[in-house]
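There is one chain below, alone, in structure tokens, taken in the form predicted on its own.
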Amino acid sequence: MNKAEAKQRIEKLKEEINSHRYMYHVLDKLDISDAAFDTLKNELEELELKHPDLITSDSPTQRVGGEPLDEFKKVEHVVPMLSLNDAFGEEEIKAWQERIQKLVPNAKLDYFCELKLDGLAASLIYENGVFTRGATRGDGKTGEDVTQNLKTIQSIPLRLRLPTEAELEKEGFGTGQIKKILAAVKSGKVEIRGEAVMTKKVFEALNRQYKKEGKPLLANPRNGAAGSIRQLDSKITAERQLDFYVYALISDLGQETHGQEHKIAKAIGFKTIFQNQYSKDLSAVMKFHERWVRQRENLPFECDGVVVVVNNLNLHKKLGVVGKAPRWMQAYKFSGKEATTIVEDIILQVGRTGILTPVAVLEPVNVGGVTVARATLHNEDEIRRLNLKIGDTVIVRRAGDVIPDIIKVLPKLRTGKEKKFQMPKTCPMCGGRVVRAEGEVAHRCANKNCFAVSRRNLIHFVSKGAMDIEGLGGKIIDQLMREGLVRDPADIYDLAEGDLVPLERFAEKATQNLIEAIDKSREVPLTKFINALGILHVGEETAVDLANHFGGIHKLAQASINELSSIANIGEVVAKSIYEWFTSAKNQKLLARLLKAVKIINPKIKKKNQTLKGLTIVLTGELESLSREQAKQLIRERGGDVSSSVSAKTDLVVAGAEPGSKYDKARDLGVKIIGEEEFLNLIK
């Protein structure tokens, strides 16, 4: 990017960031996630770092927070409420330590680590032990007086608690420190700073209530907390049930370390986060960060990173402030679930049923801890809905193990060089004709002998949810197809050791292992066998419905469209697809060959107490004590239906570690969500 292009990009980024900042901080309206906003801001900071002469006083990087609302009385902060610089990886946090160590070369650096809450920062003033004023951060120097609203938060004491000397001694405070603490609580002026937050539980309960009442839903807990504090009617704030956690003690109460600030705050009546901890060095900081990357979904509140603070307060003055941020404190952010990047190209994948799926090739970006270079676009209609062009700046979302999605295009960042995408008329793999059936959104390769379709069918056939042939992956299938050894699923069962040994990468042991895996799959449950056939519109759950209804593959193969469509959860389109598969002469020959090679077992699921009868249940995230397949089996045995997607008809969502977008959708729809422990109790 040359200087002229950089200047143009900087101007567009400034306009975009200022627009979102005004909506978020001033109007309390959320139109972009914090993670995506951070990505835009970081891109701007990097460009300005490369071209410092392009930095202007109106740049979003030169200010802190948002403008105070006119509806509240303005408050001047005696000590500015500073913002934090962000680090997004180990290298950046190491670089931060190297920079500050140079300023205090002889000092031993130790740290205090705090979970970075996603709420609204506030300053509380106490005079003679009584709460007299509360204010928001505002622009860092001037905030808003929101005292009455903060008084509604139960975890904010209206009068400071007076601890005993014995309590303070137990916490390790010396005689001089104890005197200062007690004197300040009784008759001094104390300033406390912390974060007002809305817990996930309260957020979900409020949205369920608002949905019933037909009120607008809260966008997320962060927005809910900010909007609650800025309510002119404190009764509305009270019903929001906010919480408040202290993160700093501004007044001098004899504290020598940042860790002591937390101890004092707790002693005089404030909530602190018990998960916060002292870290003796940067290695301990990284372990703390790594632990909460994995466990943050289990926290009662939203958390977007770890705040790393130099513990020794004497070093704070020496390190000082650079710009609007203190050198002695750094936000070590978790990778966001959303980020902005650029679509470099759109390519096509051909699936096992011949469907052409457009895929965006992205400028690599870190999303949710993973570097993402591609995102699914689903179909042509989705591209049109997004108004997406090649070269666009987009917001990419990733949750749990879900394939990344493009959720929004930022058209204001266009340069005029973007290109429109058109679906091709011929298949990119075989050159066959591409068709779009009436009433369908998908484009499909009409060539039934398309190499890509055959390959995908074989990969699906051997997958875990189907025949589960371990060791037979995509590369091996490609090799077997190139050698002419495998053309369809039945050919797999004709393979012998003599066919494989001469092939590259097939030593004697590897050959033996693969043949054993194939032989192991010769006994297969009916549900998995039906799924393995790769019938259009038939997945794991439909396969279960078919197995339970027919009890055998021969009865299924002879079923009419009317009989198929009479089965619960199977409509006319699916019934027609099943009927056409089994009446195809080619598929009948394939089925006959497969039935000679395999033995179908367990035709029906054994029923237990029908405690889940009539319930539609969705699983999301990783369960610790059960595999996904085991959980599904337990649900089916108890009469429940397992669905792969959340809708208004869903009765229950079971959420494990790192739940995906299904969790968010369930929360938006007000569907009941339970954890693994509650699920295990439910099925006992």
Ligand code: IVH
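The numbering used is simple: start at 1 and walk along the sequence shown. Quick caveat: nothing in here was measured; it's all calculated off a predicted structure.
Just so it is clear, the following notes concern the form predicted together with this ligand, a form of the same protein that is not shown.
Stretch-level contact analysis of 520-528, 576-584, 419-427, 75-83 against this ligand in the model of the complex, using heavy atoms and a 4.5 Å limit, identifies 75-83. Only one of 261, 338, 114, 144 comes within 4.5 Å of this ligand in the model of the complex through a heavy atom, and that residue is 114. Note on contacts: among 307, 538, 365, 395, the single residue with a heavy atom within 4.5 Å of this ligand in the model of the complex is 307. Although the partner is absent here, residue 546 sits far enough away that none of its heavy atoms falls within 4.5 Å of this ligand in the model of the complex. This ligand is not drawn, but in the model of the complex it has no heavy atom within 4.5 Å of residue 406. When contacts are judged by a 4.5 Å heavy atom cut-off, residue 163 does not count as touching this ligand in the model of the complex. Of the heavy atoms in residue 532, none are within 4.5 Å of this ligand in the model of the complex. Residues of 129-143 that come within 4.5 Å of this ligand in the model of the complex, judged by any heavy atom, reduce to 137 alone.
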